[in-house]
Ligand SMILES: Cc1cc2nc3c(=O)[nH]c(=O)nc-3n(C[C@H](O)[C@H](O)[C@H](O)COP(=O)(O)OP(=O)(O)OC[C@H]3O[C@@H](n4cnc5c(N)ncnc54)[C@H](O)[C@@H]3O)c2cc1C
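Just the one chain here, laid out as structure tokens, in the form predicted alone.
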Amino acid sequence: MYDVAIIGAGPAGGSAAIFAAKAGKKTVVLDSNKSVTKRAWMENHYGAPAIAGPDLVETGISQAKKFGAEFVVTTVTAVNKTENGVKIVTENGEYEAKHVILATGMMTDVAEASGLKTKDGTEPRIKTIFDVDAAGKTNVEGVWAAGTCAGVSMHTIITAGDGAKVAINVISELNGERYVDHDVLKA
């Protein structure tokens, strides 16, 4: 069983994967390879004066893999609460995790099959989002959402930050105390 399963490898999911894996949590990212970021050009992402979406996504994936995150290309069809966590059903298998972070961008189609509450989106072209609290929790215990699908702005810098925030909240819950990740320069 994984500690954290993340659905989506765009900026929100990739950022969540970096934090979860770096915290030593057994992490898997399930991605359908349909991220809208892969079609983007950005000149407003802090720390990257100009970057193509595919390069940003690949950099995030490489960073998360460096810390031990696993990546699987698949499409998730349902997320179901179990006695010990959450079962993720995909087109070619099942995964189990203590917690799941949905970072599916504009896609919320898994909601109906999973009993997840949704609401109208507020961003242009975003019709539906997962209904989450300020921490990123959905109505299903152990299922969280981050990024555009959780109602934050589509801008990659914002979705990446939201993915990090939700991952920190998940890690804190797993640890039973507030988690902070700060690295210090070595002199």
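Only a predicted model underlies this, so the values are computations on that prediction, with no experimental measurement involved. Sequential numbering from 1, following the sequence displayed.
We do not show the form predicted in complex with the ligand, though everything after this point is about it.
Partner proximity in the predicted complex, defined as non-hydrogen atoms within 4.5 angstroms of the ligand, places exactly one of 153-161, 134-142, 116-124, 62-70 at the interface: 153-161. In the predicted complex, the ligand sits beyond 4.5 Å of every heavy atom of residue 48. Contact check for residue 9: a non-hydrogen atom falls within 4.5 Å of the ligand in the predicted complex.
Contact check for residue 30: a non-hydrogen atom falls within 4.5 Å of the ligand in the predicted complex. Within this chain, residue 40 lines the site of the ligand in the predicted complex, having a heavy atom no more than 4.5 Å away. Residues 75, 76, 103 are the ones in 75-103 with at least one heavy atom within 4.5 Å of the ligand in the predicted complex, listed in sequence order.
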